[in-house]
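What follows is a single chain, given as structure tokens, in the form predicted on its own.
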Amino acid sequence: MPATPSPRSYLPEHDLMFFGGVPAVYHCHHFNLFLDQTIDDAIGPQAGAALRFTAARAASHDLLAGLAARAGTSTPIERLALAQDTFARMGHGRLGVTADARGGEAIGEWLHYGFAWREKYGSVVRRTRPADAFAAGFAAAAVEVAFGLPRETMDAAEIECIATKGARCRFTLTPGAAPPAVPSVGEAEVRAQLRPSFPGREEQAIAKIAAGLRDFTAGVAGDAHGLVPAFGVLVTMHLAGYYNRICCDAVRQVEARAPQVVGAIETLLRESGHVCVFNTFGGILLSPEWEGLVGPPDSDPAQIVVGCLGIARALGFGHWTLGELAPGERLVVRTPSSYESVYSLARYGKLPRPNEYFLQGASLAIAQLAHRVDWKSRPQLTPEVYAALFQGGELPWKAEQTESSSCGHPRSEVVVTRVA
């Protein structure tokens, strides 16, 4: 009997990843918590939680419907079991769903968002609102797919959360009215938006690193708790549609209600790239796996830049290439298509200005890590180090996106230059 093909796949020339036919990327808990908080800060905690739930439910429905079709599951029991296994495999914790077409409940143990928030902030911050909008949306989608319900017709509410000192995470599931439809952005829609790929400088070295890390992550799955502790962080395989929708919709809501503060949310979305590169890229650079694959990092900016671009490709962010590097002066990152731009083009068409905020922030952070971290000393990537690098006044680098495939250009380009 032939082996079942893996639900994870890549577009090799574009370094975009799919899981069960939907766009997927790897991100860590620092990024996940920061981005969720950014959305809540921008549009308010109630509206933010509602947006995050809606985005999670829609993206999860597309994922679970695709996986159920691939696996040939036909009964609700099989489909719920597949959903629960998938949730843990992706590193989101353990989620038990007990429901039928009329609703029910879900119990979460070790949920990525709630657990990570409690571990990172619980001793210093009192939280009053649940943290697990993604799990709520996933649970609702699992019931929809299991019982053949229309997309986005099951609601979920988290009524107990470990981030708010609950003993566990608990959700009620009830039928609801479907919101206005938002088109799905799956593999076919992504493929339709791709720009021709191209190589950059140090292409062979970057591609080798990306391939090695991709091979390593192929076997990574949730542990007994459904979590993936790796590289000093909690890693998730996540749905790019979730990230893209909450970012795009939040920016548009702010534009409609308070256009004078759009710059503030855009700055925070760029900072999410700082958070990711510092914690995830930095953790990988300091890991034993990296030392075995590449060797210990040193303080050569070119080595760090090449390594970071390879990491970005392996995590599914896109075919990030090195356009230019003048150490200490200038870094140019180019890509034919990012995981942000393909979503934006599929959903909105050509935009008047770039909106690849993660790419912008990550490119600047790569320059910071390449020039301002003493890698030979094996530094601890603590919050204090992050604050010194990224929050200690005006940064010594600035990033400008000069081209964007979201705007109809043949590629996206971010130019990072020294200003101090």
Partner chain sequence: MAPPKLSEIVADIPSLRGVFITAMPDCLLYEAWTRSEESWGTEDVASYFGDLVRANREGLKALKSWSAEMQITIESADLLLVLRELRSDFVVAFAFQREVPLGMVRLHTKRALDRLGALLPAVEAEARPRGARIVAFLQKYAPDPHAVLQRVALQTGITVDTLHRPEALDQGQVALLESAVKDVLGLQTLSI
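Take the two forms, superpose them, and find the largest set of C-alpha atoms that agree within 1.5 Å; that set is the rigid core. Positions refer to the first chain, counted from 1. Keep in mind that this is a model prediction, so the values were computed, not measured.
This protein has a second form, the form predicted in complex with its partner chain, left out of what is shown; the following refers to that one.
task = Answer yes or no: in the predicted bound form, does its partner chain come within 4.5 Å of a heavy atom in every one of A210, R214 and A218?
result = No: none of A210, R214 and A218 comes within 4.5 Å of its partner chain in the predicted bound form.
inquiry  = Although the partner isn't part of this model, could you tell me whether T267 comes within 4.5 Å of its partner chain in the predicted bound form, counting any heavy atom of the residue?
reply    = Contact check for T267: yes, within 4.5 Å of its partner chain in the predicted bound form.
task = Report whether the minimum heavy atom distance between A55 and its partner chain in the predicted bound form is within 4.5 Å.
result = Contact check for A55: no, nothing within 4.5 Å of its partner chain in the predicted bound form.
inquiry  = Given that its partner chain is not shown alongside this chain, does Q37 nevertheless sit within 4.5 Å of it in the predicted bound form, heavy atom to heavy atom?
reply    = Result yes; Q37 sits at the interface with its partner chain in the predicted bound form.
ask   = Would E189 count as a contact of its partner chain in the predicted bound form, using a 4.5 angstroms cut-off between non-hydrogen atoms?
value = No, no contact at 4.5 Å.
query = in the predicted bound form, which of the listed residues (K350, R129, R102, R252) lies with a heavy atom within 4.5 Å of its partner chain?
reply = Selected residue: R129.
task = Only one of A42, L381, L369, L64 comes within 4.5 Å of its partner chain in the predicted bound form by heavy atoms, so just point that one out.
result = Result of the distance check: A42.
request  = Choose one stretch from 116-124, 318-326, 228-236, 299-307: the one whose residues place a heavy atom within 4.5 angstroms of its partner chain in the predicted bound form.
outcome  = Single hit among the candidates: 116-124.
ask   = Who in 327-352 is close to its partner chain in the predicted bound form, meaning a heavy atom within 4.5 Å?
value = Residues within 4.5 Å: none.
key: Cα displacement of F390 between the shown form and the other one reaching 2 Å, rigid core superposed   = Result for F390: yes, a 2 Å-plus shift.
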